[in-house]
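We begin with a single chain expressed as structure tokens, specifically the form predicted on its own.
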């Protein structure tokens, strides 16, 4: 009898564990780049169990060097991705019916760094400026066209070597990433040769979470739970930056990516700054309709999209307000 009871309890425990595992809804998430503190909130949400508490089994799959998160979304290889607002809008215009479910970025982080002696963006007319082949340079190109700066854009895969070697007159950087690399390569970076696009009237936010509209229709609860758990991850990272950096570095090691503690600290610090709206001094995690219209108008004016994209077609209903 005792043995029978033990066996029954074992079977019951096994059944409960199996049921619990079955209740977790699988989500594959792809950030727009490889593992780094730019995406700390999502790794934190996994490590602290925020996704599991929401009934989600989340797997993070980086896009690799030869593809993009948008491509993975398009081909059904990811349920949710992160990417920049302008790239998402261009993809929407090209027929990828995606929707925004959370807007983590509130302030633009693009910075043009020039060689010493070039002290204004206007002086870049006719000069060579490096930008990434992977994209994310739409806003800088719009700025140049709007102001009739005849910049010769030089496409580079990544890094800052072209600039450091003097092969180009300027380089487009992210404040939280390549800008740090330029500073640590011994280049002279001062207010005279550093130009934040946000300070020149181009303060369009960047990173957000996206899924296909068809996915949102079928799995709106899962998508909203993922967005909210991700928000919790970011809020935890803001309150525990050192722990969060170590979480990121743990995942970088797992993915065989070399990490610099000082670089990842800088990245997380600057990402957190960019998540705060400059006017309200808050991190709202939502996409402001007025800013969205400004982004739409800039892309339309410069030929990156063919027609206006209505806000209510771009932002998922539950993502409009929290």
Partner chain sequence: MKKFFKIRESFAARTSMYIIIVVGIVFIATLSVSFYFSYKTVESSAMKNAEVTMAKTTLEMERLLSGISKMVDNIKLVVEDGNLPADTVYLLVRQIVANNTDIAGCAVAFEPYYFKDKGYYFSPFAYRQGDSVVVKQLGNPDYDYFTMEWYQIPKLLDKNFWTEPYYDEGGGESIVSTYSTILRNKNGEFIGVLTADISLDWLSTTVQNLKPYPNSYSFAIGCGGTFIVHPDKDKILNESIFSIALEDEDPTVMQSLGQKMVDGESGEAKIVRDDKLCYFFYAPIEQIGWSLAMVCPKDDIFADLSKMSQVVFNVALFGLLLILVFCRLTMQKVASPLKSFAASAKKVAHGDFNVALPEISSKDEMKELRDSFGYMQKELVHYMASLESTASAKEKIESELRIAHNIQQGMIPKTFPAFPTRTDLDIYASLDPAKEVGGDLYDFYIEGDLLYFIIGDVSGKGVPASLLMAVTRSLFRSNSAYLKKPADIVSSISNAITEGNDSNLFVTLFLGILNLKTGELRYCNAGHNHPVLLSDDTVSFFPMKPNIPIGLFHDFPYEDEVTQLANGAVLFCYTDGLTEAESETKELYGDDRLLAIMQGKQRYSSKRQVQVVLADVAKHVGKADQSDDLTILTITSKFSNYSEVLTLKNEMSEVETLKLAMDSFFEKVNVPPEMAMPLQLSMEEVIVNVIMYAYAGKPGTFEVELSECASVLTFVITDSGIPFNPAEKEDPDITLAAEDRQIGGLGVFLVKQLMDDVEYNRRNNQNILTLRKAINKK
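Residue numbers count along the first chain shown, from 1. Bear in mind the structure is a predicted one, so any value in this text is a computation, not a measurement. Take the two forms, find the largest set of C-alpha atoms that superpose within 1.5 Å, and that set is the rigid core.
What comes next is about the form predicted together with its partner chain, which does not appear here.
Colleague: Check residue 259 for me: does it contact its partner chain in the model of the complex (non-hydrogen atoms, 4.5 angstroms)?
Modeller: Looking in the model of the complex, residue contacts with its partner chain include residue 259, since a heavy atom lies within 4.5 Å.
Colleague: Contact with its partner chain in the model of the complex for residue 220, defined as at least one heavy atom pair within 4.5 Å: yes or no?
Modeller: Heavy-atom contact with its partner chain at 4.5 Å: absent for residue 220.
Colleague: Look up in the model of the complex whether residue 157 has a non-hydrogen atom within 4.5 angstroms of its partner chain, and give yes or no.
Modeller: Residue 157: contacts its partner chain in the model of the complex.
Colleague: Evaluate residue 147 for contact with its partner chain in the model of the complex, applying a 4.5 angstroms cut-off between non-hydrogen atoms, and reply yes or no.
Modeller: So residue 147 does not count as contacting its partner chain.
Colleague: Please pick out the stretch from 119-127, 237-245, 185-193, 96-104 that is in contact with its partner chain in the model of the complex, where contact means heavy atoms within 4.5 Å.
Modeller: Looking at the partner contacts, the answer comes out as 185-193.
Colleague: Scan 202, 180, 251, 216 and let me know which has any heavy atom within 4.5 Å of its partner chain in the model of the complex.
Modeller: Partner contact (heavy atom, 4.5 Å) among the options: 180.
Colleague: Going by heavy atom distances of 4.5 angstroms or less, which of 90, 140, 198, 168 would be at the interface with its partner chain in the model of the complex?
Modeller: Flagged contact: 168.
Colleague: At 4.5 angstroms, heavy atoms only, are 174, 293 and 296 all close to its partner chain in the model of the complex?
Modeller: The answer is no: none of the three residues contacts the partner (heavy atom, 4.5 Å cut-off).
Colleague: So, superposing on the core, is the move of residue 76 at the CA at least 2 angstroms between the shown form and the other one?
Modeller: No: residue 76 shifts by under 2 Å between the shown form and the other one.
Colleague: Does superposing the core leave residue 222 with a CA shift of 2 Å or more between the shown form and the other one?
Modeller: No.
Colleague: Quick one: once the rigid core is lined up, does residue 196 have its C-alpha move by 2 Å or more between the shown form and the other one?
Modeller: Residue 196: C-alpha displaced by less than 2 Å between the shown form and the other one.
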